[in-house]
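Shown below, as structure tokens, is a lone chain in the form predicted on its own; questions about how it binds or moves come after it.
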């Protein structure tokens, strides 16, 4: 029994998702109170009624400085709450399948996806409420259905995919083909698109090919910023949501493959063509083994007009790109939530091409972020009573830049009269001799300035057309040619790739050097990449772990081990060894310099239980950890690695530790894992 919702401080429902069991529980609880003949109340109203006391209680205690982040009810339902700006997120579990950490992670991931979809609009609670709860009922329901689908896609990947378990990107290990595809993306695909007159003012910055969730090839143009692992994982979720993988249907059987490991000689075999499945083509989503969320069992129960079950999700239109907001790194610093267009094409079921293009007028977004940061810092100083020391400080520089920015907006036809009016009033109060100056009276005007700046951002990047009302997308013909080019390139490889994705790395190539080793996961936290033997438990896939209960048992152990290691890492432990029945588990986190020399150990900062979850998708814990560790190594690039291993318990401890050292040095050889 699961639920996740977003509410405003006034207990207004901005988004909700429930599973079928939670929904039926709500029906039983509130349906019985209705007078006979009046029908079932709107489900959204019932959700609001149920959670309103919790929302009001949380807001009241937060105001008094005595808030809480979770609680458990008498019937063992776990509630986790977290407030992002003016929006309160609540996640609930009542079936025991999720712990408090899982619910908190789900909340942060949901917030990440909303940031990717709405950018800096999320920094204004008023504007975000307008986006999440649009006046147009159909528009609101479509958005909620999309967010629900993204949440379900993430939950499915989190439960079944090792890369989303540890929140790192998994490369498809085939150096020759990877290099060929990267070269093809650079010299053929991206070059032709960026030189075409049909690109509508857009420029391809990144292009990558996915086989299910694994990265086959990734290319970034020379003037593009590095795409962070956090953003890449979010984009993979979006791609999987558009074109879900159905491993039992999409892929040819791998049973006749002699070897698809990343080392040694590889035998290439082309099985029969993959069966075409309507569900996997993008027109309809395959069932992930669960009943649709908003489908009522009792036909007599009728939903209100705003029931999400009344709206069918239209199939994705590849010609219309998704607007996504991603981190951009410049010489002068990081700029989060910069606008891009995301084009996603299904080459075949299970194989996807993604293009990320630079959005016209993206310079406006950088300016908006710079001004938002300046007003946020000023507001913080004023709240701390440092107003007097602000006079003559950087705000005078902001003043001249913002005046120029307003002139630029006018030249580009961007409506900015409201921003101009608020800015004029701000200047009169802050800089004129007769005004109050930089005092606490200026705080509401700082908030107003931030809202108006976010409004300019929303106008430029979330509206259907640009300031000049010209189409801002690659033409449909150019998109079709791009898709066809990649299909022709991979036509002879597609079946092999689908098999390879199931058995990317196998334990066979490691058993001779590491007897007793059952499974491992190694992660380069500096680049956000991971290596692990395939852990497939489908009935059609044969692996070293066999089929059925044995493979499922090992899978469950790995998922449990990762959860345990995060708990101890949160408490400041970088090494963990433990015995569990017939198995011996190890976890190591360490740092190296650029030459591969292991750096001296240092205490890891401890974190409170209600802190952001450890990972890279929602909040990049490892980036902060690297910054913390690098303080003692100024001017020297520092890298961070993690290794998790599972051995048979009969292997002596000293042999296991020796295996871990040797395995760590062997895994990141260039021949085994080509660079991104």
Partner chain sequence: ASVMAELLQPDSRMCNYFFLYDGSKVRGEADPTRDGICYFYPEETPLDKQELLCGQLAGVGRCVSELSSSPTRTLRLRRNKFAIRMKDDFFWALGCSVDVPTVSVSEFLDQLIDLFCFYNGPVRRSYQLNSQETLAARWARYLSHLQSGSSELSHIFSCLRTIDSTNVDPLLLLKAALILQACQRCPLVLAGCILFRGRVVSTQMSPGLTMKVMVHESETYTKAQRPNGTSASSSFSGTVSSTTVFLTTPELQDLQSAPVDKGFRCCPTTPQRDGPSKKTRLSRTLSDTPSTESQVSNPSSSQPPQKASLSPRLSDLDVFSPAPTHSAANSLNPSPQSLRPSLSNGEHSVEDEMEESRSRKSTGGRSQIHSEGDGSVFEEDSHLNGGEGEGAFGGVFDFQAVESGNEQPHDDKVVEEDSSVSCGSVSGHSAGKSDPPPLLPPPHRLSDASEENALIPMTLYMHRVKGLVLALLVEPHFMSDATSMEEVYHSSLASLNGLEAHLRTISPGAPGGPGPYTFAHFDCVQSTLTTNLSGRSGGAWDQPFVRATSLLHSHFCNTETLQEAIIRSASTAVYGTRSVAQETYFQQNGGSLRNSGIPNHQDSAFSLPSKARHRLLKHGVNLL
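All values derive from a computational prediction rather than experimental measurement. Numbering follows the first chain given and starts at 1.
Just so it is clear, the following notes concern the form predicted in complex with the partner chain, a form of the same protein that is not shown.
* in the predicted complex, which of the listed residues (590, 184, 493, 559) lies with a heavy atom within 4.5 Å of the partner chain? -> Of 590, 184, 493, 559, the residue with a heavy atom within 4.5 Å of the partner chain in the predicted complex is 590.
* Asked: Which residue among 62, 638, 42, 612 has a heavy atom within 4.5 angstroms of the partner chain in the predicted complex?
  -> Looking at 62, 638, 42, 612 one by one, just 62 meets the 4.5 Å heavy-atom criterion.
* Is residue 75 a contact residue for the partner chain in the predicted complex, using a 4.5 Å heavy atom cut-off? -> Output for residue 75 is yes: heavy atoms within 4.5 Å of the partner chain.
* Asked: Might residue 51 be said to contact the partner chain in the predicted complex, defining contact as any heavy atom within 4.5 Å?
  -> Heavy-atom contact with the partner chain at 4.5 Å: present for residue 51.
* **4.5 angstroms heavy atom contact with the partner chain in the predicted complex for residue 578** => Although the partner chain is absent here, residue 578 would touch it in the predicted complex, with heavy atoms inside 4.5 Å.
* Asked: Is there a non-hydrogen atom of residue 660 within 4.5 angstroms of a non-hydrogen atom of the partner chain in the predicted complex?
  -> Yes - in the predicted complex, heavy atoms of residue 660 and the partner chain come within 4.5 Å of each other.
* Taking the partner as it appears in the predicted complex, which of 192-200, 595-603, 479-487, 352-360 has residues with heavy atoms within 4.5 Å of the partner chain? -> Going through the listed ranges, the match is 595-603.
* **Residues in 635-655 with any heavy atom within 4.5 Å of the partner chain in the predicted complex** => Contacting residues: 643, 654.
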